[in-house]
Ligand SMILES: C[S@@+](CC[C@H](N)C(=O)[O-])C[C@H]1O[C@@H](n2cnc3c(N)ncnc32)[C@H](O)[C@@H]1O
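First comes one chain, alone, set out as structure tokens in the form predicted on its own.
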Amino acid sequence: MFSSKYTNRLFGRTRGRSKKKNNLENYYKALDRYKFKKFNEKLEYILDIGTGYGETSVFLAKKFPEKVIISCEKYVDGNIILLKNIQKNSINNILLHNGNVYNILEITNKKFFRIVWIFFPDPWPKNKHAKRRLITSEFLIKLHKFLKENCEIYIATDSTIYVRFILNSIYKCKDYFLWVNQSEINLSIKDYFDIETKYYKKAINSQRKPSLFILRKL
């Protein structure tokens, strides 16, 4: 069971601004079937944080069929689309957590995660909102103890403000993680993965180049 007292508050919308209202009763019925509830020690997991419309979770599920993807996203409209795609593609290795990622970390003290994806987290560009950003040195260090040996974290953002913030966080964690692609001139997502999420396309259309950071647990 997840605690109702979050270690860290989760910011951002849970519903879209569209006038079209989705049937929440059907949503929660579908969610219950695919909801993450507890870890199985016989399995390896990939933690996909802030999945938006679920494109990354579907991509990871197909790329790593032997692993279980935990799609962590509180955005209801995005989860509805993800659930539809799970059923449409007959995917059986995605579990959803429609809430705070800290809930998941609070229910275990073991190393379950082989890979962690954090694609396009909200940059909270205003200085007064900087504390709301997910990628901090404190978060990375907390995450470290739940990662298997040589686990890699993939972080993508198209925000120049967030890039600087992430770089500072990586520097503070240099005893915990190796920045794998530090020496590479090009940090483009396309150099590694053939995936285009809604937020990736939005960045490209706005002539912003998304950057990818790869960290490996030390």
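Numbering starts at 1 and runs along the sequence shown. Fair warning: this is a prediction, and the values are worked out from it, not measured in the lab.
The form predicted together with the named molecule is left out here; the points below concern that form.
Give a yes or no on whether every one of Phe120, Leu134 and Tyr199 sits within 4.5 angstroms of the named molecule in the predicted bound form by heavy atom.
Per the other structure, all of Phe120, Leu134 and Tyr199 touch the named molecule.
Counting any non-hydrogen atom inside 4.5 Å, which residue from Cys72, Leu143, Val116, Ile86 sits next to the named molecule in the predicted bound form?
After the contact test, the surviving option is Cys72.
Have a look at Ile49, Ile166, Ile153, Leu60 for me and say which one sits with a heavy atom within 4.5 Å of the named molecule in the predicted bound form.
Contact with the named molecule in the predicted bound form is made by Ile49 alone.
Can you tell me whether Asn100 touches the named molecule? I mean in the predicted bound form, with a 4.5 angstroms heavy atom cut-off.
Flag for Asn100 set to yes.
If we take heavy atoms and a 4.5 Å cut-off, which stretch out of 88 to 96, 72 to 80, 143 to 151, 105 to 113 is in contact with the named molecule in the predicted bound form?
Careful reading of the contacts points to 72 to 80.
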